[in-house]
Structure formats: structure tokens, C-alpha cells
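Just the one chain here, the form predicted on its own, laid out as C-alpha cells.
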């Protein structure tokens, strides 16, 4: 029983790692731009398909492909900001609807290019760290965990220690006041979209060898991400990370001991419970930050 709990805990830690990247990217975009990007799950999917195209089909080095996935999906985020969110800056509902439309476009484009079949990316390494006969951690999963820690730490340093990071935080707190101080709202929006989309892309690229890749894989990811940011508090990056860990552990343990459907119900119930007790989320405030 102890070994089962330990193995489930390692599985949950892996899930928390990539979910944190997705959720933090979504929170960053909302905080700076004030829009809800429903296509964020599809950005995760595009990162995974970058690996399918370049690593599986063209045999490019995996590390290089992950870097290219960040750049490609980040550039896709900038395109979304320029083509959809900027023209609809004063119409949040319009931006939300536009992101749903873009979601469908990405799904259709990938379906036409790769088909609707499941794609299986060959593992980069078969090495496994064995703690005991029944407690094992594939090195590929360890890479995801370590990469998430490094990327989130780098994002924290960027937001706290650099001028561009200060500009992003100022725009998130009060867009009009930031503009009066000479901060370019257009530039901060582009940076937020690049970073937020890039985090989703790298999460998809890192997990591609561990999951079945398909054009509709973003659905479950975006639902989990929304649960995470609501539980953590909309606009709170720290809350998103902590809520991702909580959600991943709850969902993984319930899936292990019951099944996935019950785990989904428990995850939604957790969100509803938090909203009843603290409507702003665990770390949210009444005003959007």
C-alpha cells in the first residue's frame, strides 16, 4: 500500500508539473490582457504536434525541437494578439468568442495535416529510476518535472527582477495607470501572449512522448486549467501553481483508487467548494491583479 501511494504521488507530481505551465500561461495572459483565451489548450496541442512533425517525422534532436516548439507556439500567440485580441481589446466577450473560433481553426488545420488518428511519439529515453520494485520514475517524466521547476523559477525572476517584468505586473494591476507612466500596453500584451503561449507549447512538447497526441487533446487540458486558475484565484500566478499541485494530486489519487470519471467529478466539486467558501479563489483578491 505504501508503495502504491508513493508511485501515485510521483505520477501526481508529473501531472502537476505540466499543468502548472499551462495554467500559469493562461493566468499571465488574462492578467495582462483581461481576456480569456479558450484556445490555450490548442496551444498545448500545437506544442505536441511540433514534436510529432520535427522529432518523429524529420528526426531532429529532441532538445532543439522543444526550443522550436516554444518559439513557434509563442509566435502563434503573438499572431493571436495582433489579429484577434488587439482589435477586440474593448470587447472581452468578443475576444473570448474569437478564441473559440481560433480553437476550431487549429483543430481543423491539424486534422487536415496529420489526420485524426492518435500519434505516438517514441520516447526520448527508456531509462527509469527505480526506488523499489513497484515505485519507478521514468527519466522522461523527471525531465518534465525539472523543466517545469526551472521555467517557473525563470518566469518568477523575469517578473520580479527585470524592467519588462515590472511592466507586465504594472499592466496587470492597472492598465490605464501603466499607460500614463509610459508603458506600452501593446508591447506588454505581445510579451504576455508570447510567454503564456510558449509555456503551453513547451508543456505540450515535453509531454508529447508520454501521451497520445491527437487534434482534440486540448479539451481536457483547458478544462483542467480553468479549474486550476479558479481554485487558485484568477490572476494569481502563485495560486495557479499551488492549485495545479492540489488538483493534480487529488485527480491522480482518485483516478488510481476509483476511476477517471469520478476524478473529474471530484475536481469540479473541489472548484465549486472553493467558490462557495472563497469566491475569489484561494489566493485571489476582489480586484483583478
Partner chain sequence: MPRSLIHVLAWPLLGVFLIALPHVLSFSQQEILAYLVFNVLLVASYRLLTLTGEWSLGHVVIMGVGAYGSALYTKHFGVPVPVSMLLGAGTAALIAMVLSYPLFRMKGFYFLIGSFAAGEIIRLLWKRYREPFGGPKGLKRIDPMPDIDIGIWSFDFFEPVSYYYFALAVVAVCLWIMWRIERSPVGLTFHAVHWQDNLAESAGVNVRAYRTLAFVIASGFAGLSGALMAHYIGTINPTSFDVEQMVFVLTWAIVGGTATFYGPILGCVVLTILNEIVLREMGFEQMRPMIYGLVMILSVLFLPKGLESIVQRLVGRKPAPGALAEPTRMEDRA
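Quantities reported herein were computed from a predicted structural model and do not represent experimental measurements. Numbering follows the first chain given and starts at 1.
Not on display, but discussed next: the form predicted together with its partner chain.
K.L.:
Counting any heavy atom within 4.5 Å as contact, can you tell me which stretch out of 135 to 143, 93 to 101, 199 to 207, 117 to 125 lines its partner chain in the predicted complex?
P.N.:
Only one stretch qualifies here: 93 to 101.
K.L.:
Does its partner chain come within 4.5 Å of any heavy atom of residue 261 in the predicted complex?
P.N.:
Result yes; residue 261 sits at the interface with its partner chain in the predicted complex.
K.L.:
Is residue 62 close to its partner chain in the predicted complex, meaning a heavy atom pair under 4.5 Å apart or at it?
P.N.:
Output for residue 62 is no: heavy atoms all beyond 4.5 Å of its partner chain.
K.L.:
Please run the contact check for residue 186 against its partner chain in the predicted complex: heavy atoms, 4.5 angstroms, yes or no?
P.N.:
No.
K.L.:
I'd like to check something about residue 150: if you look in the predicted complex, is any of its heavy atoms closer than or equal to 4.5 Å to a heavy atom of its partner chain?
P.N.:
Contact with its partner chain, no.
K.L.:
Can we say 88, 109 and 279 each have a non-hydrogen atom within 4.5 Å of its partner chain in the predicted complex?
P.N.:
Affirmative, all three are within 4.5 Å.
K.L.:
Between 70, 53, 241, 230, only one gets a heavy atom within 4.5 angstroms of its partner chain in the predicted complex; which residue is that?
P.N.:
Filtering the options by heavy-atom distance leaves 230.
K.L.:
Considering non-hydrogen atoms and a 4.5 Å limit, which listed residue (254, 66, 36, 248) is close to its partner chain in the predicted complex?
P.N.:
Of 254, 66, 36, 248, the residue with a heavy atom within 4.5 Å of its partner chain in the predicted complex is 36.
K.L.:
For the stretch 219 to 248, I need every residue with any heavy atom inside 4.5 Å of its partner chain in the predicted complex, listed N to C.
P.N.:
Result: 219, 223, 226, 230, 234.
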